[in-house]
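The structure tokens that follow cover one protein chain in two forms, given apart as structure 1 and structure 2.
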Structure 1
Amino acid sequence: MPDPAPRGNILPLDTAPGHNRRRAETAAWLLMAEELRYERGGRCLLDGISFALSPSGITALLGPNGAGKSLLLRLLGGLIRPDSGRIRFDPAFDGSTGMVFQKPVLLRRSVRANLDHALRIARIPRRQRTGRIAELLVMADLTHCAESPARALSGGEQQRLTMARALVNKPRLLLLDEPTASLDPAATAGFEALTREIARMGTKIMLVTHDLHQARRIADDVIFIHKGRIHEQGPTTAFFAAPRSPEARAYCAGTLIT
């Protein structure tokens, strides 16, 4: 079945994120989590989390509600610290990370001003900002509402704006927390095409999603977590062909009771 026409344009090659960082990849991983543990209020929310994140491609992070996916993304993005364990990064990684949160947080300003603000914080000179904003608006298909207050946008439009904002610094690592949860099918297809293109340009993407078809379509490999623990990690095809852990099997079948 052919893909539906993606919405918005794909980033032109020379402006795609990460392209200027493409280099011979030496390390076999971009980051390595070692025995991460995170507790809050006497509850162990993440425990014994160890995995290596491959330096390229798209990794889907799957698991039921409350499994700890958003927490893990925050740990990887450096927004919270593990109570024990550590995260090692490829020495060649410049630390540039883009993040899309599950709940869009937008400034009380126009769509354009939101992007301009992010570009300013990324220290992009004023002369380049206007052009870059125009590109990002086209990419996120938000040109028609560039001057609207960002918080008045529809849920899907807000999500597309936070995605565009996460790309302003052309990050090497992109952490996406259910970025298509409120997108319509065409916007979702556009998003998937864009993500694939960004990954092809050398940005590593970690994607939290509950859309198993989406994971199957775009992820290269899968990490499955349940109750704060990793139950399974492996290539997408192998994972969906035959999940090894009973929890993953039940989750994919839609019968996992948490």
Structure 2
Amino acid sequence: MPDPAPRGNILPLDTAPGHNRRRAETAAWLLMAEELRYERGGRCLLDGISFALSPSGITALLGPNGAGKSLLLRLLGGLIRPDSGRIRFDPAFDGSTGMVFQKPVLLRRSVRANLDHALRIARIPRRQRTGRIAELLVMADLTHCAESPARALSGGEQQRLTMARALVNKPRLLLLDEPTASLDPAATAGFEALTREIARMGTKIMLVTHDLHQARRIADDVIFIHKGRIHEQGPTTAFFAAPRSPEARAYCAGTLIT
């Protein structure tokens, strides 16, 4: 999870040079990425990534396979470091971040025990865990299977448990990497409803998805990335009504882009 203290190229907003001058410009954003670059094996996988992330709502990160979406999410989550560039956080952001990946990874324990383990890792005091687990079970609609083995749950239930686990420390930013890619329509609908509820409660969500209909349904704004570069960002309705870049227009039309 990102730390609000300066680490490498990831800085809080007020440690950046000239922050007082720019504070008014950036007060409406939770974080700002500035010229992020990431290379591996002699290849530039992310190049000059710059954008501002609003403090609320759901942002969909769209683009074809290999565009750099999951890589960018891992940079924002602090799992990897950029080779250059920086991420600036608003000082009010405490650095608390949760992540949910495409495939759930659950312990061979009950649903309740998986949440309890996550709470212990997050150093939540024992006396607070029972109440917090109850809240998370209700939120994820898993109270009925709290004592069931986590790995025996349906795919949708497992992913909702993974979401609940990511919320144990009440993160300000939640990063979702294609969380419904393997789910059926009913399970997807349940997960989307949970995602909207979490956003409504004040957690900022960034969602990687290949499902354009999903982005239309739940995202407030869209960032489109192709070949490691951001081609455009804007409100969801405007993006789908009239994509500005040729790459985004082709992608929305279902055309293969290279």
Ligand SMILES: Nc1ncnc2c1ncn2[C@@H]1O[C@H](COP(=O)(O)OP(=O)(O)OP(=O)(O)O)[C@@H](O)[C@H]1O
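Just so you know, these numbers come straight off a predicted model, no measurement behind them. Only the largest set of C-alpha atoms that superpose within 1.5 Å between the two forms is called the rigid core. Each residue is numbered by where it sits in the sequence of structure 1, with counting from 1.
Each of the two structures shows the same chain on its own, and it is structure 2 that derives from the form predicted alone. Relative to the superposed core, R151 shifts its CA atom by 2 Å or more between the two structures. Comparing the forms between the two structures, the C-alpha position of R88 differs by less than 2 angstroms, with the core used for superposition.
Remark: the rigid domain rotation between the two structures, smaller part against larger, is 17°, computed from C-alpha superpositions.
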